[in-house]
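Read the single chain below, which is given as structure tokens and is the form predicted alone.
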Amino acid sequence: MQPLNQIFPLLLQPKRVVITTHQKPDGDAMGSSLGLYNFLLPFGHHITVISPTNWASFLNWMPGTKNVLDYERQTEEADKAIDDADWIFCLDFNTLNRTKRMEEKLGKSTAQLILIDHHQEPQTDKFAYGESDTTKSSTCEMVYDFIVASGHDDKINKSVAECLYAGVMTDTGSFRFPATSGNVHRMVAVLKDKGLDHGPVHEALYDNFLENKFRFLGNVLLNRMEIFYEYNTALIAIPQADLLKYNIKTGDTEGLVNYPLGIQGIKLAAIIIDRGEERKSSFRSKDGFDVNTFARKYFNGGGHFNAAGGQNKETQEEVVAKFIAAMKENKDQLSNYQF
């Protein structure tokens, strides 16, 4: 995998470009994809943004979202774009299997795959160019750095600024997570100078939900959260019946795993959701517990040191039992916090 700066001189040569990200894209995935899309447009490239799956409706305000292809619904059109592509930018994922049904198509593509990502253990042999930096707060921060390093930061307009701000803000937990470096704040200052109005971005992301989501949240915290004080751990287990009862859509469960970390002494928070075809898990931690290793070892997943996820085909009851057993195996690391 060659360094990203090798493609800087080639940016001025119009190409057929595909930009893609991981399945069920979050604010950073969609923000980095559309931030890069809006940055590359003035160069004259023919650009197609493809999401492996659908995405949360609260991301639809981002400039360019109406042009994004949903691979599961627009497979033929998306496959043609991949077949015709010279470059395929792969943002916010480290291995091709994070793209679900797109994995095989991307693996066989004759285009040059370009990685920009901040997750651990990237599949570097699959990419012609790229950068993987786990110290970065978000892929949006990395796209911003890419733009600045290319010498074309004059092309950061309001649309680029809004998309990149949305991603870096959500992935840093509104700038409270440890990865929020001085560079992140300097980036935001530049985006403000470029015309960013951050208020409407926050409203679009956080003040744009239906009543059912809040009733679902109340049910989750009251009936689905269990605290294991001996292990400084909290677990939320959500059955598929709850998703159906409250008409939960893509994105409605995002951020739920963070709630238990607000409880004094909690070091590990987990959420296990029965999605029907599989059980999806998310893990968050503080005080030095490595959930990336935890997710890789027990839940076929991975991610960052303090934020990771996984998936299992076993039943909800079996995955919950697996989590409890894993928690107990890690008692020495989890139980060293005093209430």
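From 1 onward, residues are counted along the sequence shown. As the structure is a prediction and not an experimental result, all values here were calculated from the model.
Although not depicted, the form predicted together with guanosine-5'-monophosphate is the subject of the following passage.
Enquirer: Specify the contacting stretch among 52-60, 65-73, 281-289, 30-38, defined as having any heavy atom within 4.5 Å of guanosine-5'-monophosphate in the model of the complex.
Expert: Partner-contacting stretch among the options: 281-289.
Enquirer: Heavy atoms within 4.5 Å of guanosine-5'-monophosphate in the model of the complex: does Ala307 have any?
Expert: Yes, contact at 4.5 Å.
Enquirer: Any chance His119 has a heavy atom within 4.5 Å of guanosine-5'-monophosphate in the model of the complex?
Expert: Yes - in the model of the complex, heavy atoms of His119 and guanosine-5'-monophosphate come within 4.5 Å of each other.
Enquirer: Quick one: does Arg98 come within 4.5 Å of guanosine-5'-monophosphate in the model of the complex, counting heavy atoms only?
Expert: Contact with guanosine-5'-monophosphate, yes.
Enquirer: Is the gap between Thr293 and guanosine-5'-monophosphate in the model of the complex 4.5 Å or less for some heavy atom pair?
Expert: Thr293: no contact with guanosine-5'-monophosphate in the model of the complex.
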